[in-house]
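Just the one chain here, the form predicted on its own, laid out as structure tokens.
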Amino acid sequence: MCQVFIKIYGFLKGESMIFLDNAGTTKMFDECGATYTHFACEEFFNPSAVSRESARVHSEIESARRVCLKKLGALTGTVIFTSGATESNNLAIKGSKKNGDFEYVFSYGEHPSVFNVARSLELSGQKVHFVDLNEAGKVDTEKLKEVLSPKTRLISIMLVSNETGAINDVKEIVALKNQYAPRAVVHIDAVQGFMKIPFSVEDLGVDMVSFSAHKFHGPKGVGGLYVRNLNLIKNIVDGGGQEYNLRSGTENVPAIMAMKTALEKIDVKENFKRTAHLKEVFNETLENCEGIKILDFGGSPYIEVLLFSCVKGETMLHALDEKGVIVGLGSACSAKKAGNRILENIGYNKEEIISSVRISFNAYMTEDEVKSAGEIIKKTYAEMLERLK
């Protein structure tokens, strides 16, 4: 216990640590901390109250809403502020549920905050379809086509895989919806896409989009659900009627405003290019390293998977952790569970899956950091192999 504390304390004091689990979370911008403190300690008023101070805070929240819509590329609709992606996904799915002979469509590649809600729908007696992924890690659109029908009420597909970085062709999915299920609502979980890859809701043609601030250097505990038409969903929690009566409860003003600060700071296109370069630099350090295989699904530059022959991914994670390189085992919401549903559905076997770790970058890392991380990974892997002899 003491050794763990000493290591963590050392990192807090500024000793070398290279964080490569940015798909799990990101470090909050300093500016966001300052914004959060201001609205928590100075502009602390309840935006639903009737005082002049409260009206001013309410106006600030509306300005944050407009910034969200602008960053989403939305010309219509609104954003409902939530506690993050899990709540946004629940609101989108459960809120769009209708009584009657309807069907719901998801993929096997979804995050637990979508996949487990889909399972609960199925257990409650709803007709639910789960669509396989293809070898590129994307939703198999041929199989998607087979399950769409006029009965389809909701199609919920992630934009970017949190496990592999594969990017789904949402425009094609919407086109299939228009052809085979014209009355269906399309929801995308854009947690790994929003403020990371360029897109607009108008171009994609979707109805709802979930996002979470801590994935793009904002605070934890806040996010949103974009809704093109408020009549598409109903509330799933009763209360005071905040957020268009779709998400009752006093708004988390400090977090919302800190999220706005993060949104205004990020240049998505520039960060995309820089991260792609960092990923390339990192991968070059691992070239020709026998036993290490890079799974790059040609999608988001922010995420990739490494497979280590003869060494478990969890073993590598802990060994790297001791050396100040932090990697992931996939979704933090399911990392403690055995296996990996997404890699398995793509076609990887159990041995490959247990040897995998997820590497995820952010645009504010340096070339030296990613080079050092690559070298440490190579050295650590060699040490692991030596112990097995």
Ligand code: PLP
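From a predicted model like this one, the values you see are computed outputs, not experimental measurements. Counting begins at 1, following the sequence as shown.
One more form of this protein exists, namely the form predicted together with this ligand; it is left out here, but the text below deals with it.
Residue H214 is the only one of H214, R153, R228, K260 with a heavy atom lying within 4.5 Å of this ligand in the predicted complex. This chain is displayed alone, yet in the predicted complex one of H111, K71, R247, K138 has a heavy atom within 4.5 Å of this ligand; that residue is H111. Residue contact with this ligand in the predicted complex: S107 places no heavy atom within 4.5 Å of it.
In the predicted complex, this ligand sits beyond 4.5 Å of every heavy atom of A92.
Using a 4.5 angstroms threshold between heavy atoms, G313 stays clear of this ligand in the predicted complex. For V305, no non-hydrogen atom is located within 4.5 Å of this ligand in the predicted complex, even though that partner is not displayed. Listed stretches are 94-102, 171-179, 236-244, 188-196; the contact stretch with this ligand in the predicted complex is 188-196, by a heavy atom cutoff of 4.5 Å. Every member of the trio T86, M158 and N162 reaches this ligand in the predicted complex with some non-hydrogen atom inside 4.5 Å.
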